[in-house]
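This document starts with one chain, in the form predicted alone, laid out as structure tokens.
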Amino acid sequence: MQVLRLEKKRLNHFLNVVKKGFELIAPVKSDLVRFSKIHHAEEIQLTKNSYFPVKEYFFRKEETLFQFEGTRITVPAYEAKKRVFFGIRRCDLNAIKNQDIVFIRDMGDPYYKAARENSYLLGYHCNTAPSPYCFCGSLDLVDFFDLMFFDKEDHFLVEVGSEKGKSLTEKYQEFFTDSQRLITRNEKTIPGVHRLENKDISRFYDHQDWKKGADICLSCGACTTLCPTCYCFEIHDEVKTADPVKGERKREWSSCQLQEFTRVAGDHIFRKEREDRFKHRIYHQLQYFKEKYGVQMCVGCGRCIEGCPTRIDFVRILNEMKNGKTENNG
């Protein structure tokens, strides 16, 4: 891949020029670090990963699918903004890749697809783990970006990862120079992010240690809300009693950790017990998704652990299972 050089003192100038032609989204510090629209490049914060993932710009928390009035259906016009996302970490870039599989390849979701097609993904590579809960090095992450920025003290090495990325560097070529080098494998290795000792959990389903997490789980859904890859949603119609033939159909985020998520007609709940819901999320992240698509859904960002009210570290729980015995094996 082509590698360019950008002097660090010119980064803010570069981004301020970019936002004249695009909506610029990057991590900023307010109450917490989150991705927000940037008005001045000086607002951008790169010392810590965003507490909230970037997925809400593609898979929205709430989306109106259509309005209806009697038998007449109207699909709202949707115009995706041209956006440049800067400061996305390797874990979150892989999360976008995994959601692309679901929303573009499988579902053909027009809203998600339009938002993705009009976006440029500019990554920021971690030199050190931004959180003690990171375990991205334990998973099969790949290079997935338009541009990736590697911090080299007084300058950035910028790896071009796509034709979209190349077109962006050509558009703003006055900021870049050829580096005459490649990024080494060692430079893409992040120390301290290999916490998960065994990602094959197929034999642990009946292990008694799941109770270590399930017994203190609140079923609040914080883990799935903060997860950059979770894509559970529900669809419902909203109408007003004053005019019940008129309303709109909406899609909203949901969570497999909520008991009502698997409630069906007749009031049957498929995963009524908290332990079943707790296990389901982790098995979906590490096993079920891989069985279907060939890659783990989880990207090892650690947000679900850091944002958990009772700080359930499922990585530690799985590591202890690895060193113990399952109930099935006695």
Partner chain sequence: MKTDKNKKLKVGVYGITGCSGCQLSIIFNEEEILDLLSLIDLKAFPFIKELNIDEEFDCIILEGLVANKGDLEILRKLRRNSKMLVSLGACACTGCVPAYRHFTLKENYEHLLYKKQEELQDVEPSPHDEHVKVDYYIPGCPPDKKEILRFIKGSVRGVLPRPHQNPVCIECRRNGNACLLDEGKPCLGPITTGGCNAVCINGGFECWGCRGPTKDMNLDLMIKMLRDRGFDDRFIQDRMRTFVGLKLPMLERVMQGPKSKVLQTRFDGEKKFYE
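What you see is a predicted model; the values in this text were computed from it and never measured. Residue numbers count along the first chain shown, from 1. Basically, rigid core = biggest C-alpha set you can superpose within 1.5 Å across the two forms.
One more form of this protein, predicted in complex with the partner chain, exists but is not displayed; see below.
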{"property": "Non-hydrogen atom contact Ala114 with the partner chain in the predicted complex at 4.5 angstroms", "result": "no"}
{"property": "In the predicted complex, Phe289 touching the partner chain (heavy atom, 4.5 Å)", "result": "no"}
{"property": "Contact test in the predicted complex: Pro191 vs the partner chain, heavy atoms, 4.5 Å", "result": "no"}
{"property": "Close approach of Thr241 to the partner chain in the predicted complex, 4.5 Å, heavy atom", "result": "yes"}
{"property": "Region of this chain that lies against the partner chain in the predicted complex, out of 246-254, 91-99, 145-153, 175-183 [heavy atom, 4.5 Å]", "result": "246-254"}
{"property": "Candidate from Val84, Ala214, Ala129, Leu139 lying within 4.5 Å of the partner chain in the predicted complex - any heavy atom", "result": "Ala214"}
{"property": "Interface residue in the predicted complex among Lys61, His40, Lys29, Lys48, criterion: non-hydrogen atom within 4.5 angstroms of the partner chain", "result": "Lys61"}
{"property": "Candidate site Tyr124, Leu157 and Cys301: all three near the partner chain in the predicted complex by heavy atom within 4.5 Å", "result": "no"}
{"property": "Residues within 4.5 Å of the partner chain in the predicted complex, restricted to 132-147 and counted by heavy atom", "result": "Tyr133"}
{"property": "C-alpha of Glu69 off by 2 Å or more between this form and the one not shown on rigid core", "result": "yes"}
